[in-house]
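In structure tokens, the next block holds one chain alone, the form predicted alone.
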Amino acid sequence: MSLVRSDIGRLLQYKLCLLRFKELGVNTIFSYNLGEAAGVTAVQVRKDFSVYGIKGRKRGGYNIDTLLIELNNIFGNSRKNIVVVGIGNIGKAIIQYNERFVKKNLHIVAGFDIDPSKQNKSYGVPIYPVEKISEVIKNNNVSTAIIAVPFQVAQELCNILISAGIKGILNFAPIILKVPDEIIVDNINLSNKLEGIIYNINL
């Protein structure tokens, strides 16, 4: 069963909340507890789980370990390799978050930058010149990339990534990337997000 975008967001939020409960030593959870933590109703939690055949006990709630296994089965348990293009402030911050990604089986395996001085530094993963994008992506079976470069070069680098086999892109560059229909792109414009929040505060 394919996931729609709204389902993905909620299920991932459930997974995050469940991991936090597990870290606190909680073994069993009820739909109203999870709903409150995830910002949805208990009815929505039960509806989402029922769609994917996830069942709990009427009076005993859901076992957290079992839920996490079920959710991992939905999203896949295989290792996902990722590359970061652009090792500026955002790119470095993302790479330094790699330890948290690994817990979700997401592994940043390489970074790329045009600055030779950054290629010689250690950020926890090897940093290569952009000329090696195709080689590194193919050698590491990478299908997802994060772009964190100035808007002037973002589209060009996006095209290179797609030619190298990238199917999904998380884009932090302040530009809407033009890609073929089969390529998935999520554009994250931090300034627009902040401006939107400030506007709503002042309504």
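Residue numbers here begin at 1 and follow the sequence given. Source: prediction; values computed, not measured.
Although it is not shown, the form predicted in complex with a small molecule is what the next lines describe.
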Checklist entry - If you check Gly53, Gly60, Pro174, Gly165 against the small molecule in the model of the complex, which one has a heavy atom within 4.5 Å? => result Pro174
Item to check | Residue (of Ala145, Leu157, Leu34, Leu67) lying close to the small molecule in the model of the complex, criterion heavy atoms within 4.5 Å | outcome: Leu157
Checklist entry - Would Gly111 sit within 4.5 Å of the small molecule in the model of the complex, counting heavy atoms only? => result no
Checklist entry - Just to confirm, Glu99 within 4.5 Å of the small molecule in the model of the complex by heavy atoms? => result no
Item to check | Contact flag, Ile184 vs the small molecule in the model of the complex, heavy atom cut 4.5 Å | outcome: no
Next on the checklist: Can you work out whether Val153 and the small molecule are in contact in the model of the complex, taking contact to mean some heavy atom pair no more than 4.5 Å apart?
Outcome noted: yes
Checklist entry - Counting only heavy atoms and a 4.5 Å cut-off, does the small molecule in the model of the complex sit next to every one of Ile87, Lys118 and Leu190? => result yes
